[in-house]
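As C-alpha cells, one chain now follows by itself in the form predicted on its own.
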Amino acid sequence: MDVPETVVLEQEQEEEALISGSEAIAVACKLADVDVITAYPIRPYDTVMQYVAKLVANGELDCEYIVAESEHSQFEIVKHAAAVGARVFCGSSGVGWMYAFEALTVTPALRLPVVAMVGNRALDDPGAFGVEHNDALAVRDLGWMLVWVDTAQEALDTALIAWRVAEDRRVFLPCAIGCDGAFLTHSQSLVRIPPKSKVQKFLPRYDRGDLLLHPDNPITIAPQVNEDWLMEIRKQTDEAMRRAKGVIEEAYRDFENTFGRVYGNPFFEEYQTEDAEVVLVGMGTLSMPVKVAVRQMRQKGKKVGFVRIRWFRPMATQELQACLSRFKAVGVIDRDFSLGSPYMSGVLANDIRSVLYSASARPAVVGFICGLGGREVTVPDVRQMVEILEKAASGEPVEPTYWIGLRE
C-alpha cells in the first residue's frame, strides 16, 4: 500500500520531548534498534533501565531486555552478545561500575563494541549518591573510549555517535558515556528527538564480518596467549584507539550532515576563548556554573574563557595543545581525585599537563579539585579559581593544586 506523502513528511520531522539525560539515553536505544539491553539497579543510573523497561512494556522498543543478578553479570551478558553480532547497551554507577571491573577489563581487549552509560557517582566509602568522575575514569587506561556530555540533548546525540564509532570495523572498542549523577541523569530539559529514518541512515547495522562468533565461523575469542602474542595483541588495541580519533571526526561530520545539529570540534568545546588570557578546563555539567561566571566576569572586563572536554579517550592531544598554549594560565577543574599523583592533582589536570609538556609556549597549569560527592560548583567557586589563575598568569607563585569549596 502506498503511504500518503503527508505521512512520510510527518515521519521525517523531529519531535520535542521534556526528558532527563537518562531518558534521553533510553530513547537513543530505541532509535538505534538496540538488540540486547541488560540491567541491574543502582542510583543514579537506574533511571535508564526504568525508562527502557517502560518503552519495552509499551511496545515501543523490541529488544532482549535482561535483568541480571549483578553488575558483573550484566556486563558479561552484553559482552558475549556483542561477540555474536548484537548491538548492545548497558550501564552502571559508582561501585556498581567497579563490581563489573573484570568484565570491563576484558571487553576492549576482545574488541567488542559495548556502549555503556555511567551515571557518574562517588565511590563508597563514605557513601554518597552525588557525582564524581572516578568511577568512569577507572577504565581510562584499558581501551575504553570515554566521553562526557553536559545536556540531555548531547546525551542522546552522543549515544548514537558512540554506536557508530564503536561498531566501526576500524575501531571495535567499547565506549562509556559519562553522565553526571543527578545534575544530568535526573534533570529534565527539552530534547529534539530525530526521526528513526534519519537514524537508520546515520547508523548502519552492526556487522562483525569474519570476526562474528558463530558455529559456521569457528574462531577463538579470549585465547590464552601468554608472552608469545600478548604484546602484539596489545599493540593491535593501541592501533584501534589511534584510528578511533579519525572515525570520531567522520561520525560528527556525518551527524551534522544528517541531522543538522552542529557540534563543531568533536573533542572539546571552547567558550569565550577568542581573546582570553586565562581559561578553565573541565568535563560534564559543571559547564553551566562556569559559563555563567565567565559571562559575569566578562562584563567586568576580565579576559577569561572555558574549555569543556568531551572526549577524554581518545584525547585530542595536538588540538588541545594548540588551543591551550594560547593562554597565560590554564586552570583544570577535576570532579575527581588522584591521591598521591604528581602535584597531588586530579586525573584531568595531570593529563592536561602532559598535553602541554611539549608545547613551545607552555602556560602555567593549576589544578582545582571541586564539586566532589555531588557538591555544587558555584559561581563564587569559579571566581575564586579565576583569581588564583590571574596570579599565576602574572608570574606570582601559586600552589599546583587547590581544593575549592571545602567547609570550614
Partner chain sequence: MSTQTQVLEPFKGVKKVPLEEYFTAGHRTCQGCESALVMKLMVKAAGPRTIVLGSTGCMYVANTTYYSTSWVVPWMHTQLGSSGSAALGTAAGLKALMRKGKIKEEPINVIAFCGDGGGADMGLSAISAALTHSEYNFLILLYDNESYANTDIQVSGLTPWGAHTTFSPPGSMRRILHRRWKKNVAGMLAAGHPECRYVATVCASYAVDMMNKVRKALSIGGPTFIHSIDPCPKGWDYDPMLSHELGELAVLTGVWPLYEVENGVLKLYGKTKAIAEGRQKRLPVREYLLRQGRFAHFTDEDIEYFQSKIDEMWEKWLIPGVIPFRKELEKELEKEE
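All values derive from a computational prediction rather than experimental measurement. Positions refer to the first chain, counted from 1.
Beyond the structure shown, there is the form predicted in complex with its partner chain, which is absent from this document and is the topic of what follows.
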property	result
Answer option from D381, D35, D351, D46, heavy atom within 4.5 Å of its partner chain in the model of the complex	D35
Heavy atom within 4.5 Å of its partner chain in the model of the complex - residue from H72, K291, R164, R313	H72
Contact check for M231, E239 and T317 against its partner chain in the model of the complex, heavy atom at 4.5 Å	no
Proximity to its partner chain in the model of the complex (heavy atom, within 4.5 Å), stretch among 216-224, 273-281, 120-128, 169-177	216-224
Close approach of E102 to its partner chain in the model of the complex, 4.5 Å, heavy atom	yes
K79: touches its partner chain in the model of the complex, heavy atom cutoff 4.5 angstroms	yes
Interface membership of M297, its partner chain in the model of the complex, 4.5 Å heavy atom rule	no
is_contact(M344, its partner chain) in the model of the complex, heavy atom dist at most 4.5 Å	no
Those residues of 59-91 which, in the model of the complex, come within 4.5 Å of its partner chain by heavy atom	D62, C63, E64, I66, V67, E69, H72, S73, E76, I77, K79, H80, A81, A83, V84, G85, A86
